[in-house]
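Consider the single chain below, provided in structure tokens and representing the form predicted on its own.
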């Protein structure tokens, strides 16, 4: 099976010797929506930094489009043009004084002229509703605005794969919905999108596939429905069962729907089963 990103026997330890990832074998299909889940400290953020080449594993390999990552300066530059990462805290990604300068930073470093960069900035700003903020100082932005600016800085590079570490973090409900709508738009554009999340109802509804990490080990990599029907694995990985799945099982037990009915991913799917 062809994967756009794959890891093989991936091991990573921090500088203090603490081991964060153990023999991780996962595969991400091109164009799929993949959620990486697990309790805090399970290794999600560390794995993301390995997929982007920021972390170099002490053992094992990361492959992009079937080729091992080249950790030379040129190789990493090429990788990060194709695999973009949006950190959980937007303040970790925003360095310039204005929104326009921050979005332009990566483009100018890649050799785009000022006029070429400006065209791309206009396009991405329209998509993310940032047009009225381009000349605003970044320190004056709200949390939701900062999150969209950090997204813009990655999306403007037009990577094939976009990794988002807890995209709803630090956001209120309204801004979180805006960000998740943007993420869905990326998927519709054919991007491979990888996110981490603690919201299992969202993961069930959104993700095509799931990677589960526990204590630095990948204990599951497969279809979302298969994970959430595996009670033993959910308990082992300390994951909550989505409410839709609880209701689905209850309706099967009561004979309201057939035992082999398709697994619903949201309330609309569940209503269709009952009709």
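Numbering follows the first chain given and starts at 1. Note that this is a predicted model, so its numbers are computed, not measured.
Beyond the structure shown, there is the form predicted in complex with a small molecule, which is absent from this document and is the topic of what follows.
Among residues of the shown chain, residue 166 is one whose heavy atoms approach the small molecule to within 4.5 Å in the predicted complex. The small molecule in the predicted complex is approached by residue 41, whose closest heavy atom lies within 4.5 angstroms of it. The small molecule in the predicted complex is approached by residue 20, whose closest heavy atom lies within 4.5 angstroms of it. The closest heavy atom approach of residue 198 to the small molecule in the predicted complex falls within 4.5 Å. Contact with the small molecule, judged by heavy atoms within 4.5 Å in the predicted complex, is confined among 242-250, 45-53, 220-228, 61-69 to 45-53. Among 125, 205, 82, 88, the residue placing a heavy atom within 4.5 Å of the small molecule in the predicted complex is 88.
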